[in-house]
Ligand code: F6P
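Only one chain is included here, represented as structure tokens and corresponding to the form predicted alone.
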């Protein structure tokens, strides 16, 4: 059987580890593997190349993806679905392994419902996919953000400043919550809880009044902001749209910093981590998790267990329906956020 492998959506540490694992496991099952270039676009345009032990050697530790990626949705491309189906038949594909986040796997679920043999692998630094306890890429993003917060602590203390650290997280605050807890942040702002900046300012003033004359505020990029208790919450965007047609986020960190300085009079600076959180070498944890996902995905193909996704449940990698992974975003557990709030201040 010939199978095709694709990576879609934003890049993520650990993608190459999955690719390598699928190819290595495929050899045991007698499967031939080809790589699709740039996500679903590669299947629509019939752009592919062979994946072998030789072409995937030495990629375990590398960031990014040797396949390339895009946010192309076959259901939004003119004649995209027809071209995709035609190329599946032309290349005699027995299965497609789709590695991606909510957008990529939502398309995979719809294609599976139409009868295409698809297996999914959950990828996103945001950790917002349902059906799995954790996604690969998340641990790396948290480690990078935590190191940044550690470094910001020393300069904030030296200059007696407030420093706002903006991290990724469009819809959920997993990175902000984990890195904020690990880095000892004094305030964590997440999309799940609209941020009242007047209350944040009061909290920081109490800290300073008690002799703690510096603070770290971590804010997820998709946090909705209330300037005060009476104002409406709003999402901070750049005014442009991204590849998926969504408002391009940008500026929440600067807005929070400006408002804190205006309300408190304390010198405040902002540091935006941006794409550094999902670039570069994956952590050991993400390499291992991505490898386990890749092996399990290949085993699902061999067993013709289609329409499902590899998932981590406890410490076991299991198969769950693609529909379960994409029916709703996995938001930060309120109990976990309550734990984080114990240390605010």
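Positions refer to the first chain, counted from 1. Since the model is a prediction, treat every value here as computed from it, not as a measurement.
Separately, the form predicted in complex with the ligand exists; it is not shown, and the next lines address it.
**Q.** Answer range among 79-87, 163-171, 198-206, 147-155 for contact with the ligand, defined in the model of the complex as heavy atoms within 4.5 Å
**A.** Among the candidates, contact is made by 163-171.
ask   = Are all three of 124, 221 and 275 close to the ligand in the model of the complex, meaning a heavy atom of each within 4.5 Å?
value = So, yes: the whole triplet contacts the ligand.
TODO: Consider residue 110 of the chain shown here, and say whether it contacts the ligand in the model of the complex, taking contact as heavy atoms within 4.5 Å.
DONE: It does not: once the ligand is placed as it appears in the model of the complex, residue 110 has no heavy atom within 4.5 Å of it.
Stretch 82-102 - residues with a heavy atom within 4.5 Å of the ligand in the model of the complex = Contacts from 82-102: none.
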